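The data below hold one chain only, encoded as structure tokens and taken in the form predicted on its own.
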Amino acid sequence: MRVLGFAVLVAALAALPFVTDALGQAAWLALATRILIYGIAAASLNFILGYGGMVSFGHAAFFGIGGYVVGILFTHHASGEPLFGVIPGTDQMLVTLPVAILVAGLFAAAIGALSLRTGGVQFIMITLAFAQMLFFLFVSLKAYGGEDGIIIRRTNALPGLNMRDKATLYWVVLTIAVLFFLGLRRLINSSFGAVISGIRQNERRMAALGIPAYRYKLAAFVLSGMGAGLAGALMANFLRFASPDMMHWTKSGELMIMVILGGVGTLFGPFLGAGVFLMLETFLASWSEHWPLALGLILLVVVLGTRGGIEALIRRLSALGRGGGQ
């Protein structure tokens, strides 16, 4: 039944461009694309936060790096000047996405190797400090727009597809999000995921069993950074823009809120949290300029009232419905 439900959900999401076109609500398609992209970023954070117990407050750094990889490669493609004199630019998505994932993973390896030697509040502050250092580094890079960011004039190309079409881009993002979700589910249910969960529950006991906890945590941190880099590269393609704001600490806070809102340590939770957060942000902002106050109050009620996030609330309501039907 779960497989059938997932298939129905994916089919419904795939049909969304036809629905928005029929209703004349093109903005809804753009909102859905943003939700899928932020869902990938939030799910990558949830992997180390919910399953590994690592509270990273600098996750937006990898999100921004993914976006800048797309922007920098496009800039050198447009100018015809190779990066560092040897690396040619490109506007091909089959190249930019893997490179963005790889570069984000390398940064995650460097940051994680140092940050994971600490724990608790120190880990939170070090990840935040690294993210802010990268933020100010990219603000100072005048060759790539400085604080104004990089304009990407065209969405990266995919062979045989018209990537200028918003519906086509949405389907590409949806396909990547589904593959990412299935890959993450496989990873969490693997022996590697079991070790990561075991480290979260009792790191000393796992070390006593001969498990190299540091190596496992670093591998999880790198995989999580790669997921955020993928989301950042997709966002740069969607917005056709990359700026230092993508790696600001407030963006890390937004990702954290999405995870907590949807449900920490759940598979669907981050996607649900991203959806609710972005829809609240969009609709409340259209009503009042004081929308952050209303958003904060709603988030407070949801987080305190659902006891485990939106996914936990849906599970309880489903259980009540089954109980009432018996």
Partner chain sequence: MILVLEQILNGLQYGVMLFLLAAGLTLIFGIMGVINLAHGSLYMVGAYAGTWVAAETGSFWLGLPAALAAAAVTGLAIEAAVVRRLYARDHLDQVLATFALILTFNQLIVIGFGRQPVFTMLPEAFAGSIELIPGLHYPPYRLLIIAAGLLVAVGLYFLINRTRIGMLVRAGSTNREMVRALGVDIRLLYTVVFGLGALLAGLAGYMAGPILAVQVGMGEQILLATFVVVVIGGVGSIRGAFVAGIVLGIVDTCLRAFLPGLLRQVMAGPEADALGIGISSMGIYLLMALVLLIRPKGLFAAGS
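All figures in this text were calculated on a predicted structure; none of them were measured in a lab. Residue numbers count along the first chain shown, from 1.
Missing here is the form predicted in complex with the partner chain; even so, the following discussion is about that form.
Comment: 292 to 300 is the region of 267 to 275, 292 to 300, 59 to 67, 35 to 43 lying near the partner chain in the model of the complex, near meaning a non-hydrogen atom within 4.5 Å.
Site residues S140, W249 and I260 are all in contact with the partner chain in the model of the complex, judged by any heavy atom within 4.5 Å. Residue in contact with the partner chain in the model of the complex (any heavy atom within 4.5 Å), chosen from A194, A219, M133, I87: M133.
Distance criterion of 4.5 Å from any heavy atom to the partner chain in the model of the complex singles out A129 from the list L209, L161, A129, L94. Taking non-hydrogen atoms only, L304 approaches the partner chain to within 4.5 angstroms in the model of the complex. In the model of the complex, the partner chain lies within 4.5 Å of some heavy atom of M256. Within this chain, I48 is remote from the site of the partner chain in the model of the complex, having no heavy atom within 4.5 Å. Residue contact check for T118: one or more of its heavy atoms lie within 4.5 Å of the partner chain in the model of the complex.
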